[in-house]
Ligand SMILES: Nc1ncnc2c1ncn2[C@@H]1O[C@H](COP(=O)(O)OP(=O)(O)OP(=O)(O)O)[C@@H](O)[C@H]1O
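Presented below, as structure tokens, is a lone chain in the form predicted alone.
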């Protein structure tokens, strides 16, 4: 049975893709069969952070050229990866039927992974919401900035009111300390609980880090480094907390739902 986890954010620029890539690698390096789906359609760049350039992507599948299994790439760290293509393709404008075709197609993969991490586009666009609702679990990446709070709240509100999602994991990124991260979560939770009947779970934090910035510039994901670091420990700690996050029962089509 596959646990599917959508990683999203209320706005861009908060490190969502960096967290999705390194969290997927954390699981893979723990010998857990993991598939990373870049579903940030039209702005897909997870392959850049992985330091690879797959020849095939979801575009090839949608156009009917190949079955989904053929567009799966395996990295040197044994992470399975489905590229969303690049920012100049037509995937951003997919309709509901095409998005549902992508979701249903994962049933046809012969060897199901233990985990699938889905890097979802930021905000409450239709494409993002479809992929979020089709995952078992949803994680929202947050920073301490007021704009991040506002946009994350709006995303959770739409998810709850329109798609019946009520369980959300929260990762606080770019924190200066574990204490600051927890304080930011507590503040966000207090604001959200005033208006929405949802469950928020603090899954952990990722520190502000020059190492992470350097890994992005060098196109070499932090988790692939052989050197232990607080940053790697942070991702490993978050990966241990994933199964404690509640599932969403949206009544919609689901990944790996036979």
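Bear in mind the structure is a predicted one, so any value in this text is a computation, not a measurement. Positions refer to the first chain, counted from 1.
What comes next is about the form predicted in complex with the ligand, which does not appear here.
- The ligand in the model of the complex is not approached by residue 71, whose heavy atoms all lie more than 4.5 angstroms from it.
- Taking non-hydrogen atoms only, residue 189 never approaches the ligand to within 4.5 angstroms in the model of the complex.
- The closest non-hydrogen atom of residue 174 lies within 4.5 Å of the ligand in the model of the complex.
- Contact annotation for residue 250: none of its heavy atoms lies within 4.5 Å of the ligand in the model of the complex.
- Across the options 204 to 212, 60 to 68, 29 to 37, 220 to 228, residues that bring heavy atoms within 4.5 Å of the ligand in the model of the complex belong to 204 to 212.
- Proximity to the ligand in the model of the complex, defined as a heavy atom within 4.5 Å, holds among 129, 102, 122, 170 only for 122.
- If you take 9 to 26 and check each residue for a heavy atom within 4.5 Å of the ligand in the model of the complex, you get 12, 13, 14, 15, 16, 17, 18, in sequence order.
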